[in-house]
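One chain comes next, on its own, written as structure tokens: the form predicted on its own.
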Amino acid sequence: MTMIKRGLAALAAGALSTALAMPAFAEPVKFDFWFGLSGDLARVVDTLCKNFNESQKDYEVVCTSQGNYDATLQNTIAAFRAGKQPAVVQVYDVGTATMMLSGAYKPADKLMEENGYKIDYADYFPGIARYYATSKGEMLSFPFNSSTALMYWNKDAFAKIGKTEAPKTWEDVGADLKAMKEAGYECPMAINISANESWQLMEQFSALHNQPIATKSNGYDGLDARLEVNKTKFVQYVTDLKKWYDAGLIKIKSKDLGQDMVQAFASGTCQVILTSVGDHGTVGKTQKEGMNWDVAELPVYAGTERKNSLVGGASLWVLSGKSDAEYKGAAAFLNFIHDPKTALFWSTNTGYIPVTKSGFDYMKSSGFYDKAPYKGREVAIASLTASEPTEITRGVRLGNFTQIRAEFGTQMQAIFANKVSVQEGLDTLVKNGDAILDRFQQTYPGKTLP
């Protein structure tokens, strides 16, 4: 028995020494990703993060929704001051100027290069890339969830007035709305005039018509940019919208009034809306049974040389003050998101569009756009690539732009309530908006945008 005990002891000792000699499995490097999407979109992001974590063993991204875009930016600023910022954060389009001036980031293109990833930045659609790039074309952040605005039109309603195609000009829109009203449709077209609709109504219209929203190339060339929408074609556009509203051809629809635009269109209540391609899936899921509908590029005024529409959404910024290991993880995560297969997953589950040409080509070759519920979303790419971006159509880079959007909503409501004329309302928008820009410029004395 003594020999057996000695043998077992020796065996145990040998096993222990072998275990101690073997290298332990390294825990994956964890890094945080904060984002502003909620609801179904937040669940898709969670799945995206899970897919990344399961695709490799070296890194683990911890993804946390902050509820909305505004909260994400504000929480990130507070966390940065406390030294508890995430490695990666999703920042919405209008926060780009604030991020650029903050200096609190690691340029995305440099991050990828330092970690051995070769990204073809020319692969990004120009209308998307230039919104987030510096004036020299440097990519400081990675485009993520991207969209643009489209016209949604009820094919059955248009067939009733003898039309088989969506109107291409605003002159045709006016005639078609009148015809639908005469054909018995109570709500030919629905719009919303809140702050958030600045993107559909003012920003997209101005880009398509190559009309400036502000001086200094919409803010790209300096913090001393000031608004000028009170003296462009936008004045005519608001005048026409108000005229059609007064004639009963347009109804205002919003959640506050009990039914938003998308619900009004999907139910067949209203026959035309202007909204994001991101709403394409919602309309498809909630549409009135048997309703025939489609999407088209936004109209322009007759004689206009159409330009590219603007991208909306957000990009991913990598923040400064993190470890080299976290930066390696962040670079791997961004490279994963850049993969065309990820673009297919993302667009399939969200309604957002691919941000790269290779992603779009991969989706086309996969038959993504061939049939419902995805057929039609390719129109958004056609709209974004209608022209090479000009100094005006590359985007809007104005400080505190969310406040300017809020002022837009205030003045549009005053116009439609007959409290002020169109010109008076837009003059006030410019006056109050310029005061907002003044304050932003004073916050960054002597600084220039990269």
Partner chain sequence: MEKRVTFGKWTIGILFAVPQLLLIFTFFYWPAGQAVYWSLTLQQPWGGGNIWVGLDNFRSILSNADYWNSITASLIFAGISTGLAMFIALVLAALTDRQLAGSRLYRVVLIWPYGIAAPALAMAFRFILAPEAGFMAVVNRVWPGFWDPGLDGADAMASIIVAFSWKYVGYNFIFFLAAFQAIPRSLIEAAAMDGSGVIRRFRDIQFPLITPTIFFLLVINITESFQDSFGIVDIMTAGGPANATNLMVYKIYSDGFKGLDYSGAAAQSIILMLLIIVLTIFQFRFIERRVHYR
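Numbering follows the first chain given and starts at 1. What you see is a predicted model; the values in this text were computed from it and never measured.
What comes next is about the form predicted together with the partner chain, which does not appear here.
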(message) Counting only non-hydrogen atoms and a 4.5 Å threshold, tell me whether 253, 402 and 442 all contact the partner chain in the predicted complex.
(response) yes
(request) With the partner chain left out of view, choose which of 159, 77, 175, 122 has a non-hydrogen atom within 4.5 angstroms of it in the predicted complex. (result) 77
(request) Select from the listed residues 325, 247, 302, 257 the one whose heavy atoms reach within 4.5 Å of the partner chain in the predicted complex. (result) 257
(message) Among the candidate stretches 123-131, 279-287, 94-102, 197-205, which one is within 4.5 Å of the partner chain in the predicted complex when only heavy atoms are counted?
(response) 94-102
(message) How about residue 414 - does it come within 4.5 Å of the partner chain in the predicted complex, if we only consider non-hydrogen atoms?
(response) yes
(request) Flag residue 407 as yes or no: does it have a non-hydrogen atom within 4.5 angstroms of any non-hydrogen atom of the partner chain in the predicted complex? (result) yes
(message) With the partner left out here, check for me: in the predicted complex, does some heavy atom of residue 70 sit within 4.5 Å of the partner chain?
(response) yes
(message) Given that the partner chain is not shown alongside this chain, does residue 226 nevertheless sit within 4.5 Å of it in the predicted complex, heavy atom to heavy atom?
(response) no
(request) Taking only heavy atoms into account, state which residues of 286-325 are within 4.5 Å of the partner chain in the predicted complex, ordered by sequence. (result) 319
